[in-house]
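Presented below, as structure tokens, is a lone chain in the form predicted alone.
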Amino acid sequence: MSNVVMLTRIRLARNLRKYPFPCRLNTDGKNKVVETVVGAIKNSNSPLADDFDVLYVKDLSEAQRISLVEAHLASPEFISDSAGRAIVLSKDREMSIMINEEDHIRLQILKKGFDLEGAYDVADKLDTLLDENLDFAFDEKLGYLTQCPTNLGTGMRASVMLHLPALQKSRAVSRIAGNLQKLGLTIRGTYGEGSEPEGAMYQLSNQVTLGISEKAAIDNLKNITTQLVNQELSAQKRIAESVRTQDKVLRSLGILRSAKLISCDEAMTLLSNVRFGINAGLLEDIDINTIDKLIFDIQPATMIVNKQESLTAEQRDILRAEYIGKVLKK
């Protein structure tokens, strides 16, 4: 989809029939859920059985927790409470399972680019494997039972991360958001509900899970995403003809290549400008995948985790500038 779609995510919410929802469980009960789910994965007839890590939130540093959010592997709500919570991660970090967030299981598959069918296929196979060893709470009329009624039914949230600098600049996103609600979709900031769109990155996802099949939800999201991408590309083409826009893109690249200090907010804005320039055909010597990797690598907590030492804000700004400059060096 012309690189407008950065990531695709399929998330499934599931609960175990024999346990109350996490909000009604004490720490011992949550630990039993963790043990049960991890045991089911280890006993599954899948390559996943030997290809995953289990991270217990209570054992993670604050930077490690936040880094999981920055990488879109965990939710802000999940890392806010460490008691009886764990996350299962595949080695390639394509799959994550949050245990005892709002529901007992939040299974998530992440794919680069626009691949809703591929992500759902993997999620569905893993869901089936878990179902062989776990007794999910399910009702013939209501579907999968979840703590929040808005997730009843399929328990599925399909979403795509979109880079929409042109639509953001033209202030069209607010108008689009209102229309999307009528179609059973919602558009949010970079890290989901309540977050801001950093670097013009937005999450578009389905809202309706009851009374609609997974295929119908995915098809609806796919169709609307295609329309949004076309609108963004059309707006990019118009904006890219402006000398001011061209100058902004080139200045952004120049700053990224030569800056000695750069904050995360500034870097996100400049990288967004450069990403726009690549997509609009204004820059040809930079791979857009390089920009996408930078966007995730320069996040504050992720930098601390990768450096494996505590860093002040200024030290991060210096390190960030050095790293970006080295990667984008001519």
Partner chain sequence: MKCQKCGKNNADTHIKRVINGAFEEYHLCSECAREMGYSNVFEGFSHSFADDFNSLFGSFFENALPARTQATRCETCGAGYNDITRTGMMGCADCYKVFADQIMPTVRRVHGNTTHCGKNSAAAKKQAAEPKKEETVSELDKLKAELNKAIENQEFERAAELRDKIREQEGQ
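Numbering follows the first chain given and starts at 1. Keep in mind that this is a model prediction, so the values were computed, not measured.
If you look for the form predicted together with the partner chain, you will not find it shown, but the lines that follow are about it.
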(message) For the partner chain, considered in the predicted bound form: do all three of T8, G118 and E314 come within 4.5 Å of it, counting heavy atoms only?
(response) no
(message) Please pick out the stretch from 31 to 39, 271 to 279, 52 to 60, 297 to 305 that is in contact with the partner chain in the predicted bound form, where contact means heavy atoms within 4.5 Å.
(response) 297 to 305
(request) Consider K141 of the chain shown here, and say whether it contacts the partner chain in the predicted bound form, taking contact as heavy atoms within 4.5 Å. (result) yes
(message) Is R257 near the partner chain? Define near as a heavy atom within 4.5 Å, in the predicted bound form.
(response) no
(message) Just checking whether V69 would be counted as a contact of the partner chain in the predicted bound form - the rule being heavy atoms within 4.5 angstroms.
(response) yes
(request) Spell out, yes or no, whether the shortest heavy atom distance between P165 and the partner chain in the predicted bound form is within 4.5 Å. (result) no
(request) With the partner chain left out of view, choose which of K222, R188, K248, K111 has a non-hydrogen atom within 4.5 angstroms of it in the predicted bound form. (result) R188
(request) Go through I218, L233, L210, V173 and name the one with a heavy atom inside 4.5 Å of the partner chain in the predicted bound form. (result) L210
(message) Heavy atom within 4.5 Å of the partner chain in the predicted bound form: which residues of 66 to 93 meet that condition, in order?
(response) I66, V69, E70, P76, E77, I79, S80
